[in-house]
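Given as structure tokens, the chain that follows is alone and in the form predicted on its own.
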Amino acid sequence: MYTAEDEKFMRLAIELAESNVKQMTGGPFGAIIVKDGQIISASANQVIKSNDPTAHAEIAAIRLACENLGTIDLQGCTIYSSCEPCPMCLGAIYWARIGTLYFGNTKADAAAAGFDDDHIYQEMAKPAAARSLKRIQILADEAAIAFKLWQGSDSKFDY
């Protein structure tokens, strides 16, 4: 269920998406992060503007929210996205511990507009050895040193 306030925040995310297209600064995606009824961050897709394939609206909004709140933990926050998040953004939403996601368009709507992530979902469902991405593990013993250092550090914290 959603409220009039949820609709207000979703409309802002949608406005960001539309403005991004009209100004030709990025793809048709916008995201707003809210905590306790206050907007913490807002961003449109920045992939084209920044030449960064990870600069999706949700990722940019999460980065800005973390910066604004001085934390990596966005528990208690809600994200409003103009479109159902892609696998990368959905993973980031989980990592940030955002509790609620509202979205406008579905991933099927995105696919119909030329933003099809279905191949990623299909790849993730396959065993690692059957995926199209070539995976080669090297220098595992050397790489393990960083984890050992982390585990022995007095400065580490769980995240």
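A quick note: this is a predicted structure, and the numbers were derived from the prediction, not measured. Throughout, we count residues from 1 along the sequence that is shown.
FYI, the form predicted together with another copy of the chain isn't displayed, but the following is about it.
Using a 4.5 angstroms threshold between heavy atoms, R63 counts as touching another copy of the chain in the model of the complex. Within this chain, G70 lines the site of another copy of the chain in the model of the complex, having a heavy atom no more than 4.5 Å away. For the chain shown alone, I39 is not a contact residue for another copy of the chain in the model of the complex, no non-hydrogen atom being within 4.5 angstroms.
Heavy atoms of G76 never reach within 4.5 Å of another copy of the chain in the model of the complex, leaving it off the interface. For the partner-free chain shown, N45, V47, I48, N51, D52, P53, T54, H56, I59, I62, R63 of 43-65 come within 4.5 angstroms of another copy of the chain in the model of the complex, judged by any non-hydrogen atom.
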